[in-house]
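This document starts with one chain, in the form predicted alone, laid out as structure tokens.
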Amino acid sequence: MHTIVCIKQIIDPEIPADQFKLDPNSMRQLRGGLSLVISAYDQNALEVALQLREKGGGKVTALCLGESGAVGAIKSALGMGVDEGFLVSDQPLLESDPCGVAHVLAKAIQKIGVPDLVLTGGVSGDTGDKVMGPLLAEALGLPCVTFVSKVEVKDGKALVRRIVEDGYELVEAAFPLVASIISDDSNVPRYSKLKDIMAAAKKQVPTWKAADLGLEEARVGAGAARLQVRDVSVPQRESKCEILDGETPEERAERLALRLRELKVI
């Protein structure tokens, strides 16, 4: 079975908040000098794919649309055990909205060869979007199951566990299929072994431009965006400290309670 996992390179969410900067013109995050990682839910998707290969054999391919430096994300995936990876890197494509990104990824998948299973992260780690799985499925003309925590193969079909508001449901679907993955105890990303990391660092990652994919120009880039971001800002947090005096602990506690009541906290 062949599984393609679409991954995205983002700024490490664990860096201090004061290091996040925004470009006022493009309203995008400035990445210069910051640690970059694979989006968390995409890592869960990689783990699901690797577990499927371990149980039934096959091949796992990582696919990324990003800046040239996103080759690092592909090599991180290779270090986890992915068989091969491809990067699409062309500056005009990076200005695409989610619909445009889905078109690019679909064309890249068709160039690789439509697999049995396409996995995406259930939520984008930087923008919080939850739409890539369904948009990609539409672009490929394939069925889609969202918010999946686990995938198994049974009798030649996919048996997926899908999280819903009051529990989960089991869905059976025929291949080929697109599924968006969320985190679960069963798909915690594995740690890469040092020898695998070193081997991945030596591998060449094929990189494609827009011209290599036969894209419809009217569907990609800033001019084709259906979604327009009007404003983005970094939240400014202010904190104040107020000291309440009192002769005894009881007196201080009483004054604290009165002050909290004044502030309508209690």
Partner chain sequence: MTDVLVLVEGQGSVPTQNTLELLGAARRLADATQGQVKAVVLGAAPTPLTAGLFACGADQVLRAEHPLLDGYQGDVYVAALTQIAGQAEPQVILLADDSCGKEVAPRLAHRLNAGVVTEVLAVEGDGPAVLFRRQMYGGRTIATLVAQRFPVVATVKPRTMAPASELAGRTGEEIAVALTLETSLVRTKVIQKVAEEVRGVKLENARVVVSGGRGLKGPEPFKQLEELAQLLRGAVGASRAATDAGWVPASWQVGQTGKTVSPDLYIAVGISGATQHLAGMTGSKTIVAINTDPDAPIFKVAHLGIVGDYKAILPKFIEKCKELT
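None of the values given here were measured: they were computed from a predicted structure. Take the two forms, find the largest set of C-alpha atoms that superpose within 1.5 Å, and that set is the rigid core. Numbering follows the first chain given and starts at 1.
Another form exists, predicted in complex with the partner chain; not displayed. Remarks below refer to it.
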| item | value |
| --- | --- |
| Of 209, 31, 28, 203, the one that lies within 4.5 Å of the partner chain in the predicted complex (heavy atoms) | 28 |
| The partner chain contact at residue 150 in the predicted complex, heavy atom, 4.5 Å | no |
| Contact flag, residue 14 vs the partner chain in the predicted complex, heavy atom cut 4.5 Å | yes |
| Interface membership of residue 198, the partner chain in the predicted complex, 4.5 Å heavy atom rule | no |
| Proximity of residue 146 to the partner chain in the predicted complex, heavy atoms at 4.5 Å | yes |
| Among 84-92, 179-187, 107-115, 69-77, the region lying within 4.5 Å of the partner chain in the predicted complex by heavy atom distance | 179-187 |
| Residues in 36-53 with any heavy atom within 4.5 Å of the partner chain in the predicted complex | 40, 41, 44 |
| Threshold 2 Å Cα movement between the shown form and the other one for residue 237, core superposed | yes |
